[in-house]
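Given next, in structure tokens, is a single chain: the form predicted alone.
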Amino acid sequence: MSAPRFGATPSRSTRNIILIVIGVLFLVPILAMIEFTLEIGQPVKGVQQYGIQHYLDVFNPANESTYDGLFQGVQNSLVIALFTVIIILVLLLPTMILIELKFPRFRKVLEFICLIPITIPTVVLVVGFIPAYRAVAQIFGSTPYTLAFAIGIICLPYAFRPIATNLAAVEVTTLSEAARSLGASWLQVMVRVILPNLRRGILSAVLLTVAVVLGEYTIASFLSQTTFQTALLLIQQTDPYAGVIFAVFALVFVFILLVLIGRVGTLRGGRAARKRVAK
């Protein structure tokens, strides 16, 4: 017997209307940004002229020196995102799995620690990061890439929640004990049993981490480092079209990343389901 449902279930047309409204709310600002980047000069007799001249200017080798800082900021942010994802996967993920398997009584403690950064304003966190960053800079050098240590803390709440939700939906302890009883080593249990079942949570955590890194401005600004957001602010003061163009590119990049990650998760999940049916 299925559990009783409370409240009215929305009809298919109602769901479609809600999706359309949400889609419009997201698309209208993006389309307005694209329309702005295509404007050329002042309206002639009330008719605005459009073209791709601003896009050509941005990628014109003759203007390389003008946009060099912006391209450098994009490169730095992508490398910072890579380092931050590595920190999340190397430190946070194994810790969460270990606590789930061996120390479940510390689950709430880890959750509290991971959620602290989202409760404290970023400006306040930066005040504490500055002396710590000096020590990190003495060891690893004062480069934009060392921001990954600070931004990794900011990303903790966004990376923790999807993985925790996935862990709660999977009987990790039961699966690991069953694999161990069949003779699997802990490495085999981790690689072949636990991680495949946490695939969706890990992919979601990676996506959110990359999105947070690309949108981070406060830490880089206070620590005087060039990232995508700091360079974008500077270029907008001299060329607003270039700033909006790169903002659109960032939105498209995150959207494509979301689609690819969702597609990979769907394909692997479907492949695993077909294997279970075949057996």
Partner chain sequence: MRGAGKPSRRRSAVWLGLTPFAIYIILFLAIPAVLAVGSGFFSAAGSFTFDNFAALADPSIQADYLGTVGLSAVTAVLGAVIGALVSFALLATKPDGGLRTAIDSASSVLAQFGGVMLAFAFIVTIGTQGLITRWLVQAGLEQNIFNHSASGGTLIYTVAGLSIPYLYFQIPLMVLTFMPAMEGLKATWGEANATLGGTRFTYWTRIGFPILAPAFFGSLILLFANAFSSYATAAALISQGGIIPLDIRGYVNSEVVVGHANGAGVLALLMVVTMIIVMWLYSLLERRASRWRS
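Residue numbers count along the first chain shown, from 1. Because the structure is predicted, anything quoted here is derived from the model rather than measured. Heads up, when I say rigid core I mean the largest set of C-alphas that superpose within 1.5 Å between the two forms.
Below, we turn to the form predicted together with the partner chain, even though it does not appear here.
- Using a 4.5 Å cut on heavy atoms, which of 178, 99, 137, 190 is close to the partner chain in the predicted complex? It is 99.
- Message: Just to confirm the contact call: exactly one of 165 to 173, 89 to 97, 198 to 206, 71 to 79 touches the partner chain in the predicted complex at a 4.5 Å heavy atom cutoff, so which is it?
- Response: In short, 89 to 97.
- Item | is_contact(residue 35, the partner chain) in the predicted complex, heavy atom dist at most 4.5 Å | Contact check for residue 35: yes, within 4.5 Å of the partner chain in the predicted complex.
- Task: Determine whether any heavy atom of residue 185 comes within 4.5 Å of a heavy atom of the partner chain in the predicted complex, and answer yes or no.
- Result: Flag for residue 185 set to yes.
- is_contact(residue 39, the partner chain) in the predicted complex, heavy atom dist at most 4.5 Å: Judged by the heavy-atom cut-off of 4.5 Å, residue 39 is in contact with the partner chain in the predicted complex.
- Using 4.5 Å between non-hydrogen atoms, is residue 119 touching the partner chain in the predicted complex? So residue 119 counts as contacting the partner chain.
- Item | Residues in 196 to 218 close to the partner chain in the predicted complex, defined by a heavy atom within 4.5 Å, in order | Stretch hits, in order: 212, 217, 218.
- Message: Once the core is superposed between the shown form and the other one, does residue 30 show a C-alpha displacement of at least 2 Å?
- Response: The answer is yes, as the C-alpha of residue 30 shifts between the shown form and the other one by 2 Å or more after core alignment.
- Superposing on the rigid core, is the CA of residue 253 displaced by 2 Å or more between the shown form and the other one? Where the cores coincide, residue 253 still shows a C-alpha shift between the shown form and the other one that is 2 Å or more.
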